[in-house]
Every structure is written in C-alpha cells, then in structure tokens.
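First comes one chain, alone, set out as structure tokens in the form predicted alone.
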C-alpha cells in the first residue's frame, strides 16, 4: 500500500461520523495523491463505513443503496472519459463519512449550510437533496422518498434534528421552469421548493447532467431528441448561461411537529 493510499485512508478515518464537509487536497510534491489512490483507499475503507452504519442501527438495505453510488460513479466516469477511474471522488467523500444516504429515489446529505437559508437558524442541521442517476421524478417516488427521509433521520440521527431540506441544482434554474412543460415531473419537482438567494452561473452543469460530457465544445453534435435536451442546448445557442438555483422545503411531518418514523407513509407533498 503506497503513501498516497495511506494518506487518503487516514483522511477517511478522521472524517467518519464528523461534521467536517471539507474536501482538502491531500497530495503534496513529496507525496502525490492520485485518483487511483482515492479509489484504492475507498475500496479498503468500505468495511469501516458499513460497520459504522451498523453501529448506528442503519438498515443494511439503506447502506447498500447508499454505497452503490460508488459503482454508479465509476460507471459514469467510464461513459464520460472512456477510462477506468472516478473523477468525482471528492463527492464520494460524503458517502464514506456517513453524511449522505439514499432513501428511495433521492439522496440526502445531512449538513449545516454555509449560506443563510430563510427559516433556518445558524448551526441548524438540514438535508441537502441530491438526485442520483437512474429513474425519473414520478410524484409518488419523490413523495415516498421525502417521507422516508423525514423518518430516517429522526430515528437514526436524533442528535442532529432536521426539519428542512434544500436543493442546489440547475433543475431549479428559473429559466427551466419558464420553458419546460409545467405538467412534467421535473417542473413538479422544482415547484416543491421555495426559492432563496440569487441563482449562480454554472454554465456546464446542465450539459454534464443531461449529456454526461464535461466539454462545452461540439455541442452541435449532441442529440436533441427530447424536450429537455433541446431546452438545454437552445439556451446556450442563444448565448445564455445555465444557472444553479436554490430552494428549500419543509420535510413531511415537520409542519405538525412530528416527523414520520422510518418506513411510515406520509401524505403526498406533491398534491
């Protein structure tokens, strides 16, 4: 085991269960840390994170669904770069530190926001909603996932109470809401959130998540088979830039003061 792998393993061990969400550069001129070092260390560390999950009583099914993001991101890396690797290893830090969980269709990152969110006090824990590849945005699937999240974190992270979730995504760009079919699942998902803050330019996000390419060149060669693909590319063709939008919502059960327990059905938030 090389020094780069050892350095990443020490980093993962120190972060496990902590509230530290930083992603420092671990390499130095004397001890470079490569993408392959991250991959090797994460594979070696998998038993540790699974044991930590088990120690909190987290169901195996949730652990397995959550850690499947490792293989999912390796597959995406192959499609994006046509090689073995993982260019999103910093994102996977969240999974290996016990901070993010997949509950049904969506992933939830428990964190304390760095920026002010209306209705969220300083130091308050919230859930950051992330959308893993695979599956759509069906109303029932989204509602079920939000209900699961409310109950899951109340049961397994009672020391970090949450009542609010936020989402930072190009799917919340106001331009998309104005141009996509209002009856589409994407539009209904975006409508769940109360916007806050000013959208921020992130020109490549829409292209990457729609087409799985990090290049902004040769966009004319990308497919325009779906309404979403056309919207993404036509805005760029017209000289526009896609933005990251910000929104928050109250988790199911929180308005009444009692979150649903893990596995308990909650009223649809999409009605």
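Fair warning: this is a prediction, and the values are worked out from it, not measured in the lab. Residue numbers count along the first chain shown, from 1.
We do not show the form predicted together with a small molecule, though everything after this point is about it.
- Scanning 204, 46, 34, 229 against the small molecule in the predicted bound form with a 4.5 Å heavy atom cut-off leaves one residue, 229.
- Here is the short version: of 184, 145, 194, 112, the single residue with a heavy atom within 4.5 Å of the small molecule in the predicted bound form is 184.
- Using a 4.5 angstroms threshold between heavy atoms, residue 209 counts as touching the small molecule in the predicted bound form.
- With a 4.5 Å cutoff on heavy atoms, residue 161 does not count as touching the small molecule in the predicted bound form; it lies far away.
- Put simply, residue 122 is far from the small molecule in the predicted bound form: not one heavy atom of it is within 4.5 Å.
- Interface residue remark: residue 134 is counted as part of the site for the small molecule in the predicted bound form, having a heavy atom within 4.5 Å.
- Heavy atoms within 4.5 Å of the small molecule in the predicted bound form map, among the stretches 220-228, 233-241, 57-65, 34-42, onto 220-228 alone.
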